[in-house]
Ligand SMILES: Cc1ncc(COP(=O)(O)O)c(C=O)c1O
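The chain below stands alone and is given in structure tokens; this is the form predicted alone.
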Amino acid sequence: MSKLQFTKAFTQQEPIPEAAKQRVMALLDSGRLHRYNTVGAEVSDAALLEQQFAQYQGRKYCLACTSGGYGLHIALRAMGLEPGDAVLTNAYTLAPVPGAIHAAGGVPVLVEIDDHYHLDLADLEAKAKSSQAKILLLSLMRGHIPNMDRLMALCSDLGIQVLEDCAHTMGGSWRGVKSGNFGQVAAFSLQTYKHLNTGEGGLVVTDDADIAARLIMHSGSYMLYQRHGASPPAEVFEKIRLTSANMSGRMDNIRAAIAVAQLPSLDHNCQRWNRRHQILSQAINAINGLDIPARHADESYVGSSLQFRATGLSIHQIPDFIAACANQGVELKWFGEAQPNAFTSRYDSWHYIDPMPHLPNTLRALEKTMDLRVPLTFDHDDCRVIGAVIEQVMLEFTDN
């Protein structure tokens, strides 16, 4: 049988909407790119984005900032993190998550995951008690939303604040409640592979007025906090404005304008991602030796990526399997790889965490986990071809 070949790029995004291009050109003509460079009662594009995303998310306050990771950093500070405090977080996540804890002066305490890529609640409880951590930075890694009812009940019992990292769950939900509406604070990413694409950027939401005020001051508002689009009243800032450090990380108007133009299409695009994800899932689940962990019926995820396990291969075969798929045009990442590679890294490569824990459940769950990006530039037939390529390669390995 001749080898199938997939020819599209896994890093190609859809074009930015025409409305954004027109608005960006107007901003360039004006020269007023800074979010506070407004005239009179004019609302900046950054403030408009804050208003619109707060309304979309159903939360009171929203801050637009430079990145999702920066948003996590200042959220931890705004939640009261002190230098040396322990912060619980998933062992399965991307490097900016423990990096944000480290940058904020906290000590990452890594929690085991289960076979479905969710936090192990028994390990969470044990480590919360042993570390005396009062904050959980919940990474909803690759869009996998756990049982939020059980998790939030446990955190409430333990007196733990929750900061949701929703970089991969914008538009997702648990039992009809949007991801990002469970914890005291939530941060979203607008990096180019996320659900709104501004190249880089972040949004942080909360219903807590004091936290929101500190977020805005930390972001670098100086004393221009009243120019924000979804912020607490001025009197809230009076309590904290002289004691909240400026860590400049403002979003500019160009990136905000690009996000504003995409926001009306977000829910529709989530449906488009999920249809592609369904086609790929059906194809991969039908391949002998590959396995996709089942999702909970109450989880409404956004399928912008897909994770599966190569259970029919040995660890030693996986690099050759990935290389063979790449030779036929299908790009896979491996979360079990011992060394960091591109965007992926395993928890034991973050050597600033000391002492480094041994997390056997996490290592076992990740050791054969493959990661497949699902861009909207792929159509349904493309997804079928990708599935067929993976099947063809897998057959070569299992037949030999």
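Predicted model only: the values in this text are computed from it and were never measured. Throughout, we count residues from 1 along the sequence that is shown.
The same protein has a further form, the form predicted together with this ligand, not shown here; the description that follows concerns it.
Tell me, out of 220, 329, 96, 146, which residue has a non-hydrogen atom within 4.5 angstroms of this ligand in the model of the complex.
-> Looking at the other structure, the residue within range turns out to be 96.
Which pick from 251, 280, 141, 119 sits with a heavy atom within 4.5 Å of this ligand in the model of the complex?
-> Filtering the options by heavy-atom distance leaves 141.
Does at least one non-hydrogen atom of residue 127 fall within 4.5 angstroms of this ligand in the model of the complex?
-> The answer is no: residue 127 has no heavy atom within 4.5 Å of this ligand.
Does this ligand get within 4.5 angstroms of any non-hydrogen atom of residue 344 in the model of the complex?
-> Although this ligand is absent here, residue 344 would stay clear of it in the model of the complex, with no heavy atoms inside 4.5 Å.
Wondering, does residue 191 line up within 4.5 Å of this ligand in the model of the complex on heavy atoms?
-> Because a heavy atom of residue 191 falls inside 4.5 Å of this ligand in the model of the complex, the answer is yes.
Could you confirm whether residue 51 comes within 4.5 Å of this ligand in the model of the complex, counting heavy atoms only?
-> Looking in the model of the complex, residue contacts with this ligand do not include residue 51, since no heavy atom lies within 4.5 Å.
Choose one stretch from 153-161, 238-246, 211-219, 69-77: the one whose residues place a heavy atom within 4.5 angstroms of this ligand in the model of the complex.
-> Residues of 69-77 come within 4.5 Å of the partner.
Check each residue of 146-175 against this ligand in the model of the complex and list those with a heavy atom within 4.5 Å, in sequence order.
-> Sequence-ordered list: 165, 167, 168.
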